[in-house]
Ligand SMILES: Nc1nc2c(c(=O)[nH]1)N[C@H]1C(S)=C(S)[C@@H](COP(=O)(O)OP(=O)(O)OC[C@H]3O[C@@H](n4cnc5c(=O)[nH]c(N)nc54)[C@H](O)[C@@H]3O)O[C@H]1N2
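Take a look at this one chain, the form predicted on its own, written out in structure tokens.
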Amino acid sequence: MGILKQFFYQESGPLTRELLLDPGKFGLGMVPANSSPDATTTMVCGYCSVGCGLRIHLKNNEAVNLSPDTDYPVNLGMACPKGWEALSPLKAADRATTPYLRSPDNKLKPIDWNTALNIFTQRFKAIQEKYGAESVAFLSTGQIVMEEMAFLGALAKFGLGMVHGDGNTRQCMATAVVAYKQSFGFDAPPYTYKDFEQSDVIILVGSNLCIAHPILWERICKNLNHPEIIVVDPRLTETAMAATQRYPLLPKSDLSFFYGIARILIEKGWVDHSYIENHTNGFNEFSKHLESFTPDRVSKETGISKDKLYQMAETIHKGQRVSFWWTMGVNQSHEGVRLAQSLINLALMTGNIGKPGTGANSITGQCNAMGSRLYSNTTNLLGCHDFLNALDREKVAQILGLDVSRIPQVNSWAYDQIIEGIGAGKIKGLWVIATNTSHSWIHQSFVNELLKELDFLVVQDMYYTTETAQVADLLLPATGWGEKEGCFINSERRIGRVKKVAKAPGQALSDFNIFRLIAEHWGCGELFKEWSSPEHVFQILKRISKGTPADISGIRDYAMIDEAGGIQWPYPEGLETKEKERRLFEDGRYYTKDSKAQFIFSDPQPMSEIPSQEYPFLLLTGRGSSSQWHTQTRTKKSEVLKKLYPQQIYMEMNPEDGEARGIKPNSWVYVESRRGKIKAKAYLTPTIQLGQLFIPMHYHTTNRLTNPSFDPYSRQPSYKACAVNVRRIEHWEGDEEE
């Protein structure tokens, strides 16, 4: 039986007893061999980075329903609306069930897999031959399993000769990665979710936890310490409404704010000098840097009164277990890295790290963003190594049985640089895997014009209807969560299992098997002969990670992950523990050369675009509903979820601003920036400050407005703030979509 027929037989054909007895074969297992046809199995949710455990109920070996797993240490029997509806997207009518090729009349038309793979190989090889190996790049995702991420990165860079590849995780967690690396010596979120229940002071910055991570808000609700809940956010979000203290600072004044808090703590002597002396470097320089951040200055720059500044500092001082948490309001900022480090600095200087209920804690967005950080082979060499380090290259080459010359000696361009490379004529071919660039990238109209300039665009996705798939030259149909095997790593470093509980539609294949086929057609299949299934790749990643801070060499196999209810890294060989929650830095030792954490800081920088007479409002963007997810590629497939949020794009505005502009509730308005104009429905609410607007990020026109500003260290886009104008619609002016 040919390899293509094998894949179709296993992924969409009849299930045989042989397959059930060998669920790891080709990485396409369904349920454990000792399960009955109507059993249940547990796996992690495929939406966000919380990583909830779901019990999948099977009938005739296929998922028919699900419920939250009451024993899983992440969600403890809870699920958000997206989790309850996780199976719905698999049955969508617009699933890509065959490869598609753009025809001369500019329409996507179905072709067979063999033709698709030949075209993929011939077109990309021709581009590389004409323009050089670096002329082809890939953009990946935090949505596929880590074994697929590793395979993609290894195939692209070691097999296909690509140098440049990045993931959409650049849009959500790059800031936290760089902040941790610089401060701790490694990308090491130190916490466990149990810290939400053990803190007596919880500080949430740029985080609408109630909406973005509702299960984590439920963990706070389980806290018996009656904690102070401090929310720092310009908007009166659902989370801010539930807080005990709220700090509605001016947008992007956070860095000045937290430097001012740090200065007060030092002024009052409310710091842990013993911890600072024994476990950190750079505090004296940091203290000197703070001298100019007087309460008067900080109050003026942030809009927060001096009394409130002292109140927050005193709350931190009185807390016995203070935890600092941030999400996209920090990460998606023009100075996000330094802002994240201002929170890390506060945790270090008060000794609130490495102990229950403490930490400087980044919560990421995507279900496998952490897997991308460690194993995607994009910004890091596979498994926590460095492309620039000769010893690391030799180590990885030896483990993989590669000629070391196949490993690039330079770092990849970041996402924005790859996009810029298209405009500069340096990137001629692009391979987009499980992400929707045409919708989600900042300054959307610009990137969509650039995609048209490519010689060849390949999109690999579950659906043929995404904005990016609709402009592809070649579309490869992929399976999704629930139709494949592998692992995700959640925000608290927990490795959890993903399982095949549904058959793929038509000729769709798992990303893993698409990569295998591409390797064979390209002629580099021999390099990846050991990469025969996701679990085989997991064993490879164990060997590569050994001796690194994220060592997972002690995890026996997939069954061990199941038995443990997920396993947090690091888990080196020889570790024997049944603890379900483990935090980092309990011994005060970090991953730097001298084992000490670093105080890192710099002067606040102004936004690249501020309100003006022509564009007098500041537009904020963010998550609009717990039932929406990113570009709605999957959530809009659920009729249940669609009933839980407005289907038409809306703009939130302060009632006083609305009255001044003659804008009434539920009226249609134009919102316009220097980059584009969209139509939205006005929602007037006092939760928005004067001079500010808010539009959820999920609607497909929102990013026509956003300003392509980037953090200089992480290169993460600053989605959260740009200057706009708004006016009521007197008459229809064009083809803006509602």
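Treat the numbers as computed from the prediction; the structure is a model and nothing was measured. From 1 onward, residues are counted along the sequence shown.
Form predicted in complex with the named molecule: not shown, discussed below.
- Across the options 233 to 241, 580 to 588, 350 to 358, 497 to 505, residues that bring heavy atoms within 4.5 Å of the named molecule in the predicted bound form belong to 233 to 241.
- Of the candidates W325, W629, F138, W569, W629 is the one whose heavy atoms come within 4.5 Å of the named molecule in the predicted bound form; the others do not.
- When the named molecule is considered in the predicted bound form, only one residue from I211, I600, C524, L76 comes within 4.5 Å through any heavy atom, namely I211.
- In the predicted bound form, F293 stays away from the named molecule, with no heavy atom inside 4.5 Å.
- Not displayed here, the named molecule is kept clear of M43 by more than 4.5 Å at the level of heavy atoms in the predicted bound form.
- The shortest heavy atom separation between V337 and the named molecule in the predicted bound form exceeds 4.5 Å.
- Of the heavy atoms in M312, none are within 4.5 Å of the named molecule in the predicted bound form.
- Looking at 702 to 728, the residues that come within 4.5 Å of the named molecule in the predicted bound form, counting any heavy atom, are T702, N703, T706, Y719, K720.
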